[in-house]
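Before any questions on how it binds or moves, here is one chain, the form predicted on its own, in structure tokens.
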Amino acid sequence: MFIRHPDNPLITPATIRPSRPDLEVIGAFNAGATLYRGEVLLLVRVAERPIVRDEDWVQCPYYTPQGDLAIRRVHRDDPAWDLSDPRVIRHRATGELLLTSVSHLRLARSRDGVRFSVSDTPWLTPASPYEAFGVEDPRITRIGDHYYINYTAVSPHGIATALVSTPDFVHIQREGIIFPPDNRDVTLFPEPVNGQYYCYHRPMPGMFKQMSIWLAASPDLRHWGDSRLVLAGRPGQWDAGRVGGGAPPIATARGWLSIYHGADEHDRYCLGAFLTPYDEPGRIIARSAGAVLWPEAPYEVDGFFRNVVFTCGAVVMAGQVRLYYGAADATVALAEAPLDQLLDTLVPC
């Protein structure tokens, strides 16, 4: 259903200027998307790491409570550390985690939604102890005359969800943590439903390990409760391992359309879709039988983390769903599908 744009990938690390001369950009991906004054705006997750001077050491960047970037070094031959995942290293005895890169958010603009001009400076950087390992995976939701950007705040305290708001993408108001650790993949609805704000979120339970999409309600976008399970993975299918929010819900004539991500037991990330009634966002009435986009192109199959397509944002233009997605945790790509045809493929539940 989704057709990849021939110019993919649209944004790559090579097109991004590092925020500091001693850092290199290794990923530009998982972008939130919105329409603003005749342009498509993306907030791109930009992952940077210290320029490698000695291959024998893994350098793990982090922000101090004073807001300074510091580096912790771990020798590659140290048996105490598990280095099997390129994104993170784990201490085998204590379980301590360190990231091999640190992320900030960068603003990109386009008149046609394909050719983007990316700012040379960060739009949002870590600014609290809860963001010591970076700010990641933004989702942009317009509510009234403001744009609300929720993002993943990563630190030794865990994975939390934070919120900022802006009327113009120039002035930024930090709203603080809205979901404590461990919770991520929050997607805000673009308007109140039955007098309340709603969002989907993905708690990360420890004992039973099932990572599913939940619904929560709020009177003010900051205080959330009344959580309930909405969607879980399906055994033996492409989303058996875990599911989580993708692009913020899209209002259609048939209800709320949500594009979500799922992973199998081998961490192969694909995208699916589901539909809920306009006044009942917690009740699924249709769902894609299979994935609507899966890793297939070379830039999705090979990259920083292989076999990944992952979305944080989509816009609807001229009846087309324009889906901006991260490919292999390395680049930003675009795929498009007619909205009505996409809805027609969903199977009633």
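Numbers for residues come from their place in the sequence shown, where the first is 1. Keep in mind that what you see is a predicted model, and the values were worked out from it rather than measured. Rigid core (definition): largest C-alpha set, two forms, superposition within 1.5 Å.
Only in words, not in the display: the form predicted in complex with another copy of the chain, which the text now covers.
Peer 1: Using a 4.5 Å heavy atom cut-off, which residue among His223, His171, Arg73, Arg115 comes into contact with another copy of the chain in the model of the complex?
Peer 2: Contact with another copy of the chain in the model of the complex is made by His223 alone.
Peer 1: Identify which of Pro277, Pro167, Pro180, Pro190 has a heavy atom within 4.5 Å of another copy of the chain in the model of the complex; exactly one of them does.
Peer 2: The residue in contact is Pro180.
Peer 1: Determine whether any heavy atom of Gln237 comes within 4.5 Å of a heavy atom of another copy of the chain in the model of the complex, and answer yes or no.
Peer 2: Because no heavy atom of Gln237 falls inside 4.5 Å of another copy of the chain in the model of the complex, the answer is no.
Peer 1: Would Ala127 count as touching another copy of the chain in the model of the complex under a 4.5 Å heavy atom rule?
Peer 2: Contact with another copy of the chain, no.
Peer 1: Does any heavy atom of His157 come within 4.5 Å of a heavy atom of another copy of the chain in the model of the complex?
Peer 2: Yes.
Peer 1: Considering only heavy atoms, tell me if His201 and another copy of the chain come within 4.5 Å of each other in the model of the complex.
Peer 2: His201: contacts another copy of the chain in the model of the complex.
Peer 1: So if I measure heavy atom distances to another copy of the chain in the model of the complex, which of the stretches 212-220, 254-262, 267-275, 143-151 falls within 4.5 Å?
Peer 2: After filtering at 4.5 Å, what remains is 212-220.
Peer 1: Would you say whether Trp81 is displaced between this form and the one not shown, judging by a C-alpha shift of 2 Å or more on the superposed rigid core?
Peer 2: Shift of 2 Å or more: yes.
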